[in-house]
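Taking the form predicted on its own, here's one chain by itself in structure tokens.
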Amino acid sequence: MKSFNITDELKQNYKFLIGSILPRPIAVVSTLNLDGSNNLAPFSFFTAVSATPMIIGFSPLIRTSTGKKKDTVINIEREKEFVVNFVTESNMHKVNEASAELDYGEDEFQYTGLNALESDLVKARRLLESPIQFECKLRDILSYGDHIGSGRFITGEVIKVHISEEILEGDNRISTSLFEPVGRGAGNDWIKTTDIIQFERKMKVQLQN
């Protein structure tokens, strides 16, 4: 086994993170720009945080090319809200196009050919092509620096959930096989959930039952 001391060497640290923590779910975050146009961007540093209240979190890094905060962060700081959409096998190619570094105010929905859908409780639009959409109000932003490679952990409280009936089974259970989610791996790797293995969890009480 080869061991490494952790330093401030960005490429090494980033390589270890994205090569170890996988497959990573992808938050496709939609926000409003200052002029009311749409911003849409995928983030693979993304997780669930709490069930009650329903909290999700994602971590945008400082932009490598400019050393500045990403447009998503700027918009959330101002608007205090956002929508989290999800990547599937059917939308992944266009979602990947949304990772392009466009000029601020250029609409990623229009750029990618994806479609914006009005939300019910927030001003940010939902992604029509996502079978699940979380409307969120900002809870917290934790900053870990303002240099290239540093990140912010942004948490949002989910205030409304939209789920396509086509991926629901039984008592509003989301079917993984019908959902067809896609995650990120190392480098340019994307990972499909085509092979599903089931194990019974050993907890006395299981919320998913």
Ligand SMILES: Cc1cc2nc3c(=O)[nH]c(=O)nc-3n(C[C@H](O)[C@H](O)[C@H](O)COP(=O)(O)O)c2cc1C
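Source: prediction; values computed, not measured. When you see a residue number, it is the position in the sequence shown, counting from 1.
Omitted from view is the form predicted in complex with this ligand, to which the following refers.
- Task: Counting only non-hydrogen atoms, choose the one of 172 to 180, 156 to 164, 53 to 61, 137 to 145 that falls within 4.5 Å of this ligand in the model of the complex.
- Result: In the other structure, the partner sits against 53 to 61.
- Message: Residue-level question: is A100 within 4.5 Å of this ligand in the model of the complex, judged on heavy atoms?
- Response: Within the cut-off, so yes.
- Task: Indicate whether this ligand has at least one heavy atom within 4.5 Å of a heavy atom of N96 in the model of the complex.
- Result: Contact check for N96: yes, within 4.5 Å of this ligand in the model of the complex.
- Given that the partner is absent here, does N39 sit within 4.5 Å of this ligand in the model of the complex, heavy atoms only? Flag for N39 set to yes.
- Query: Quick one: is E81 in contact with this ligand in the model of the complex, heavy atoms, 4.5 Å cut-off?
  - Reply: Close contact is absent here: in the model of the complex, E81 is far from this ligand, nothing within 4.5 Å, heavy atoms only.
- Message: So this ligand isn't shown here. In the model of the complex, which residue out of T112, T72, N91, Q133 has a non-hydrogen atom within 4.5 Å of it?
- Response: None of the other options qualify; the answer is T72.
- Task: Select from 18 to 35 the residues with a non-hydrogen atom within 4.5 Å of this ligand in the model of the complex and write them out in sequence order.
- Result: Just I26.
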